[in-house]
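Same chain, two versions here, written out as structure tokens and called structure 1 and structure 2.
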Structure 1
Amino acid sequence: MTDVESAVALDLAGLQALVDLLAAEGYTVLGPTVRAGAVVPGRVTTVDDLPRGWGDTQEPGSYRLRRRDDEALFGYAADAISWKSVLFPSRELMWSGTRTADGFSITAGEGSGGLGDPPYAILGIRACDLHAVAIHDRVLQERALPDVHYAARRKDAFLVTVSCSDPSGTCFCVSMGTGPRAESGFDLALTELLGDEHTFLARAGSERGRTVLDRLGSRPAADGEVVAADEVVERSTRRMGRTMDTTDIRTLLYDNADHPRWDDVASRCLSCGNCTMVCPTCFCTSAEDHTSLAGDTAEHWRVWDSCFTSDFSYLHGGSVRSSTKSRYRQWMTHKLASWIDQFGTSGCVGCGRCLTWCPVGIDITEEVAAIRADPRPTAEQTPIEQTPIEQGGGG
């Protein structure tokens, strides 16, 4: 990334050549597309599939596409749907079983998501979402029993990140140290330049990324282009819609488990679960067993679940977290504090989706700020709701 000499410049034809090359290599090429009034992951066969000239306006509880006055292909902020939907799909068949004459047989589930089969090449993934992928790698793969379904989709995924050039009103990646430019975890990193020429400054982040770049008809980047790319990132850094002060945030939230702000947010929270669904790091799932009426076949599905439902914390006899207050506190405290104890990083990457896609616009940065502005440490340390370390622990 810091190796300036290795930067090359691609024009639009070069970007198309990249798409063609990845497709020829057998990747299912995915990228940002416009659907249903939003930028969402989709299949990409030509650069014309990308959201050319589209930007977005995002505020808590509101998302609108807007026409840009330029031809930017990546001139939007966080996609409406994160790449979690591809690498960790919302519904996945784990296995199916059939009754046989002398017992039963089990077949492993298919691993593909709705946008095609792996291996995937993902074009345009933001720095915040790359960090989310790294978190999922940690949570789902780097444990005693890796999630083989996730690993199969993740293993060969070719990730092309694009620096954020136009952050939205709900972005706070700078506060979380995750953006607006990726420093690692990608195969190729692009920065879109909209000067006299429409070009992309490209750098490799892996050996196979380097190999792909070498095979494209690129030219070395000019010094001016390198400077311009840095300016894009600096401009984005200054234009974050939100900030979150993360100083001692673990202690802050642990100490304020009984803060009156939790009642305040609960009065607004719908407990609908949207924040957890759109969060690129939330990984909680539940299992669904489907059986035929005759009971001769069975399917075991894994589906996204949410800590905002009462079923989620149901143990024998009732829900552990029956109130919305306890659910919001659990979610936010896990995301920002106990995640650090559990996995070594924050669970929040500052993408802003939980703000934008909350139907009533609850703003996690505002909730943290409210507690920080008026801390009310619980007199006696009361143990907060504990989260089991293994899967099912909450994401």
Structure 2
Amino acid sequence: MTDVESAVALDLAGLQALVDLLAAEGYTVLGPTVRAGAVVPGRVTTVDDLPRGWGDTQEPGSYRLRRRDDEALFGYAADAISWKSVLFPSRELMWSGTRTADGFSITAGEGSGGLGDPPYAILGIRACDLHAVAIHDRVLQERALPDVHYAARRKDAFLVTVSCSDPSGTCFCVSMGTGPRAESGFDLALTELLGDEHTFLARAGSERGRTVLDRLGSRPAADGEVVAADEVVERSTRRMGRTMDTTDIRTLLYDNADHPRWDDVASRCLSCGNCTMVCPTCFCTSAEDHTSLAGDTAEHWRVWDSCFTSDFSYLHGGSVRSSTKSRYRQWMTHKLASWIDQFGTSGCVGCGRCLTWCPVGIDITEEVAAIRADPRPTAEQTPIEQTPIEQGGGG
């Protein structure tokens, strides 16, 4: 339920004023844009940069943009690429070295992922992706040795979330408790309202968010607008394309490490790694070193990797997970079970991207349901205990 006293209303001019104000404050403003047939993060300078009148249709193994019959700016389910690509880019120069007369000169990498420099103002982030950012904060920024590159991008980021009004056939954020409306972790939260007037009900989630609303001179929201915003969220909640029963899911997966369903899914899985590339919480990486032919310059890059590749778990003598079965089991069990042990939360936010971008349409919710419907605990197993190798990785 929206707090009536704190809710304000913005029209399209007010939304543009918000973009202008954030840019004037020194933020690189990013938001959803249409590029190459998909909604993806991009630079935003005007509301016309947003995907006006575009929606999407997502099913397992299928993604298509479609024209809506209205002028909604946020009428799609989820960006095809998560905001991880901005705060934790797929390729990042860690350092470069140049030969000098006295040896080598080392320079730290300062790549920005091609979307401009921080601090970032992210406009339109969904509740599911907001939860994913919170997970990365915990995993990458709040550990004993933080990832300084992630922390530099995340520092001072201004997050504007928009409630999801049109979930896709692959969404299940309600099951994971992550949407369709964010309740915390944002500076501003918007709900788009379409009708006689095109407005956005806004509420602040931080002091600087409140300051921004005050500077915009926004008017208090009418009672009818508050009710309409709640109805948008309620409709989205009822229209989730998928569900996942998460009851004691950690124990369920640990107890069924030898379930025949793992062989079944392995017979379909291409081990391509698409699911990990689009997942907003996966953070597996590897390193690449590049040296010039002359031998006078060198670069060290961090790149996304995947637990679905045989090389990722390679130790001296061979791969720890040599079969597709073991790699899919590692990914799903880590995502839904051992993340809880390691980080105190599930690694899944219910965005559904792993379903949408799987070439053969493997459905993680279906795999969980199949094991739950026919549990076959491994004999004489102590399921809660796993080796560090089996727990490792960001998948």
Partner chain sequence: MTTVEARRPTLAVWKFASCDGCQLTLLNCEDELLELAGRVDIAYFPEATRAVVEGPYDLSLVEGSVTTAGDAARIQQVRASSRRLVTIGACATAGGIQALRNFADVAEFRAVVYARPEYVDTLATSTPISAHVPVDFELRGCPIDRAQLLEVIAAFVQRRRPRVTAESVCVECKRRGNVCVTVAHGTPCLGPVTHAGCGALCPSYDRGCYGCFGPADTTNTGSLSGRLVELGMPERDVHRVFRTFNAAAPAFAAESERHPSAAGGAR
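Only a predicted model underlies this, so the values are computations on that prediction, with no experimental measurement involved. Start at 1 and count along the sequence of structure 1; that gives the residue numbers used here. Take the two forms, find the largest set of C-alpha atoms that superpose within 1.5 Å, and that set is the rigid core.
Taken from the structure described as the form predicted on its own is structure 2, whereas structure 1 is drawn from elsewhere. Superposition of the core reveals a Cα shift of less than 2 Å for residue 145 between the two structures.
Shown in the overlay between the two structures, fitted on the rigid core, is a CA shift at residue 297 of 2 Å or greater.
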